[in-house]
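Below, in structure tokens: the form predicted on its own, a single chain.
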Amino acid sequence: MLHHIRRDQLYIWPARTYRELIFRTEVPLKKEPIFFVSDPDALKYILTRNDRFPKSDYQNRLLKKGLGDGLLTADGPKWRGQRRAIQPAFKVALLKSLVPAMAAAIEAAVDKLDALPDGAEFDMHQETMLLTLDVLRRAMFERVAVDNAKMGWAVSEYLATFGQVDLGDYFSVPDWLPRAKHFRVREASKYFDDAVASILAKRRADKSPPRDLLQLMMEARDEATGKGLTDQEIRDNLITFFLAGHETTAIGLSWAFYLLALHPDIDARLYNGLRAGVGDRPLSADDLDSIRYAQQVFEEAMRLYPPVPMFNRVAAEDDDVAGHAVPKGAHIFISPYVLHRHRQLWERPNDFDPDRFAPDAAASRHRFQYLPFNAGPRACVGLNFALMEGAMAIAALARRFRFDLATGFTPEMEARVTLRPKGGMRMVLRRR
């Protein structure tokens, strides 16, 4: 089992979890109760009650090595204070002011691909990783230089290291005991620390700072207490945004273009709609409604291939969840990958159909049936940022190019912390 989990964490989900909404079993060898949960009402109860179902120590121990106590890993009052302070920076009205920065990064990616000859083979996943990193850099640090290649390496190294489960993780070996993965990731963590320290120093020396996400974060105040973020909290959240905002959006885009390559009819509908709605003009905040179908493509890709394929909670006390007695200490496993393909919740669950996310269809669905960004109080703060970025990237690339899978290539999922295409996404560029 551990051999398979090292390669694919979805391996632990029994086949019956795609048919049953709640399934109970035990952790092998340890005999601790596990509940695999895909019932939307049960998920609403679990994910809106952080006091009863906090994140597991196992999950946080893996992530805190590099992320510290940012929004993704902090708990209790520390998390609430950060969330209240940072949330206003991600309001849609403020995010629209970042559209020019997003558009500039996306057009730079389009120009880079346009320099390739027609029929050239390339790694789409590598390009989307560079694209989303450039979007973050421009949106977060307008006048601060960041080494995209080195930052991308550090993110990949961190996720590859701590995303791989080993015996030490399974049996909760204490953090103070040195392990190979701790040494492997040390250089990446040091780069994070040095890069963020340099960024903050340069921004504080700027006499007329731009209104980017970094500045909004530095000026943020907890509306309940009036307190701002400490330097350590800013550091932890900047790294969290790089990891969560860069890697996950890139993965969603990679799988979206894979699915478009498999479905030329949907690709043609997307292209024709873009030609009619925005033509060749540069994308702006005014075009977000016109590229709505591109967002639907992105959302449906994240249904089939959610960037974070699974996460877990633990029962703090004895509880009842949808009629199931859940004892204190029980592990609650939640998999967006399984939830999004569940036979009781979706018609034709394995089919690619962006019309599932047309406004009326999406509004009629249970809110906790679709969790690419989690839900409840701990829903991803960057949800709207990611949706805007994903829709704009798909629109800009799809109106200029069509992408086919490279001859003989079939992607393989690599489910660790995120759901990457193992070894990349080999595609062939075709100009429209």
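Each residue number is its position in the shown sequence, starting from 1. Worth saying up front: this structure is predicted, and the values here are computed from it rather than measured.
The same protein also exists as the form predicted in complex with protoporphyrin IX containing FE; that form is not shown, yet it is the one meant from here on.
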If you check R83, R186, R221, R356 against protoporphyrin IX containing FE in the model of the complex, which one has a heavy atom within 4.5 Å? R83
Given a 4.5 Å cut-off on heavy atoms, tell me which of 399 to 407, 33 to 41, 359 to 367, 372 to 380 is the interface stretch with protoporphyrin IX containing FE in the model of the complex. 372 to 380
Against protoporphyrin IX containing FE in the model of the complex, would V338 count as a contact residue? Criterion: heavy atoms within 4.5 Å. no
With the partner left out here, check for me: in the model of the complex, does some heavy atom of R313 sit within 4.5 Å of protoporphyrin IX containing FE? yes
How about F333: is it within 4.5 Å of protoporphyrin IX containing FE in the model of the complex, going by heavy atoms? no
F298: touches protoporphyrin IX containing FE in the model of the complex, heavy atom cutoff 4.5 angstroms: yes
Within 4.5 Å of protoporphyrin IX containing FE in the model of the complex: residues from 236 to 273 (heavy atom criterion): T240, F241, A244, G245, T248, T249
